[in-house]
Each structure stands twice: as structure tokens, then as C-alpha cells.
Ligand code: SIN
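First, one chain by itself: the form predicted on its own, in C-alpha cells.
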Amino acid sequence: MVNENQARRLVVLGTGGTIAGRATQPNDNVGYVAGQVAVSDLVAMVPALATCALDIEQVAQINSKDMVLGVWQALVRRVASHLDRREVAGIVITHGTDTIEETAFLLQTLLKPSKPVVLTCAMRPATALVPDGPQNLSDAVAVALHPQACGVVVVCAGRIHGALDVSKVHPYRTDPFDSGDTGALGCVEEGQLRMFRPWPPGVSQGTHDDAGLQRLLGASSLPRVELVFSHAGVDGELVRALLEQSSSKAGPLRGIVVAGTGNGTVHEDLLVALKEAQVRGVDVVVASRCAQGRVVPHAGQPLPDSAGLSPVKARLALALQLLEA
């Protein structure tokens, strides 16, 4: 008799991160080196996965704080390729926590998959006395095998987060993510899913947006979009310096995302410089630096808002938008 999970093939892609980290002492959860353990070895640490039909591939081996376009391109290419395989039910990606929310947003925005693409991670290295990676990986596989699962999600500490909502909100605890006002999509309890709300909306019936995919894969760099913060005592000199910078390997300044205070409010001195940037053809978007909620649009708002995206996701969204121009 064939196990139900054996009849559904999954792909596990490794990119490094703390989940693949190694420390010299088992009680050291901060002084480790990320991206040291092969994804095949991570899978081997989870005996329950031995009954699953898995294809395992190492796409990258980095600390996710050092994420670059080249790694994103390699990952997007492999995810799109595996989504096109009819026998593949879903994809699991091991990733570092620092930029997992950005990678998840990129994958959801570009691929809009009707199959599940599940990113998972860890806050303790693989060599820890009690590593959290094996349970997170096991939970991620359970999510990817769920027959109703779709879209890009992040699974960590038993919780399932949507790609558009998830943010890292804590630097140390093993449950470092939050989905703000929307809350998590659901949770994993002993391998079983309990859903709180629907899977990510708007996923296509196909596997990806080919035009957007090709634009990203063909880019030598993303359009340069910088992130600045509004705060007490800020002036506009940083923005003016960016405008006057004559050379950069990232190319000319194309966009600025400002993390505003409260409901996207911006210090008057900074706002003057941002408007100067707009006059010079630079796209400016305002998000909120608040951890919860979103910018509520109003008639007197001086800058376009980020449509609910966090500052880091708004920066990436604007870069992708400019890539189309």
C-alpha cells in the first residue's frame, strides 16, 4: 500500500541561513556561522521526512542578511521550473530569517503560484542543544502536502504566515514573526493544519507571470530604490546626497521609500527634500515605521502610500514596478 504522502512529490530547495548554521559549542545560539550545513543533511535530521517523495537541491548557501539579486534570480528560476513539473505538489525552501519576508514577497509577487511554496527557517543553528530547524522543516512539509495549500507562505514555530503580511519582529526568540492586523493564516499541530483564514488570495491558475519573471531574470541589477526614515531632528540632506551621487554600481537613484512616523507622516524638512526628488523624476512612496497597522490614505496626504506594505516590502515592490518601466 502506498503512503498518501509518497504519491505527492515535493521539492526542497536550500539557500542557507541559521537553519543551516554551525557553532563551535551546542549552547551558543548567537555566535554561529550561517549557511554551513547542506540542505540534504537538514532533511536527513528529520526522520519523518524519510517517507516523503522529495527532490533536494542546494540553490545557495548564504547568510540571508547578505541576500543579493543573483541569489534571488537563481531561486526564482528553480522555483518556476519545479512549479511547471506536473508531478510536483509543492516546494519547500530553507532560508534565513533576516530577509525571508522579502524573498517570500518577491516569490508571491512574481510567481503567484497555485501550488504551495513554503519558506521555513530557524532561530537556532543546526548544532544547537535544542535546534528549532527540524520541527520547522517538518511543519513546512506538512503545509506543502496539504491538498488545499497554495501561494507563498512562511512557516515557523508552528505558525503559517502569508507572504504579503509576514514581518520579523523579534531578534532572538524562536517565534520571531508576526502578521500584523491580519494574523497568521493558521498553525500546524502535530502535523495537522488548523486554518484561521483563507490561503493567500489572488493566486493564478497557472504557475507564474512569465513576463515579470523574464524581466527579473534578465536584469543585471534592480532599479535603485533607497529606504530612508523620518524621525525627530531629521533633515533632507541624506536625500539630497543621494540625488547628487554621480556614480554607483547600482545605477542612478530611481525611487525612495520613506518609513514615516505614525500614519505615514514625514518631518517637514525631509518632506521638502523628497518633493525635490519627485521634481527630478524620482518615485517616492511613504510607508509607516510602526510595526502594526498600515497607512490610512486621506485627502491631505502629500506622498503616495505603500498600499499597506512594510517599508522593506514597499522598497522591493517599487523596484519591481520600476523594472517594468
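Predicted, not measured: the structure shown is a model, and the values here were computed from it. Residue positions are given as counts along the sequence shown, with the first one as 1.
Note that the form predicted together with succinic acid isn't included here; everything after this is about it.
Participant: Please run the contact check for Pro200 against succinic acid in the predicted bound form: heavy atoms, 4.5 angstroms, yes or no?
Facilitator: No, Pro200 stays farther than 4.5 Å from succinic acid in the predicted bound form.
Participant: At the 4.5 Å heavy atom threshold, is Thr261 in contact with succinic acid in the predicted bound form?
Facilitator: The answer is no: Thr261 has no heavy atom within 4.5 Å of succinic acid.
Participant: Flag Ala60 as yes or no: does it have a non-hydrogen atom within 4.5 angstroms of any non-hydrogen atom of succinic acid in the predicted bound form?
Facilitator: No.
Participant: Give a yes/no on whether Asp98 approaches succinic acid to within 4.5 Å in the predicted bound form, heavy atoms considered.
Facilitator: Because a heavy atom of Asp98 falls inside 4.5 Å of succinic acid in the predicted bound form, the answer is yes.
Participant: All three of His82, Phe105 and Gly151 touching succinic acid in the predicted bound form at 4.5 Å, heavy atom to heavy atom?
Facilitator: Per the other structure, none of His82, Phe105 and Gly151 touch succinic acid.
Participant: In the predicted bound form, which of 237-245, 122-130, 141-149, 212-220 comes within 4.5 Å of succinic acid (heavy atoms)?
Facilitator: Single hit among the candidates: 122-130.
Participant: Using a 4.5 Å heavy atom cut-off, which residue among Leu49, Ala34, Val286, Ala277 comes into contact with succinic acid in the predicted bound form?
Facilitator: By the 4.5 Å criterion, the partner-contacting residue is Ala34.
Participant: Does anything in 163-188 come within 4.5 Å of succinic acid in the predicted bound form by heavy atoms, and if so which residues, in order?
Facilitator: Sequence-ordered list has one entry, Lys168.
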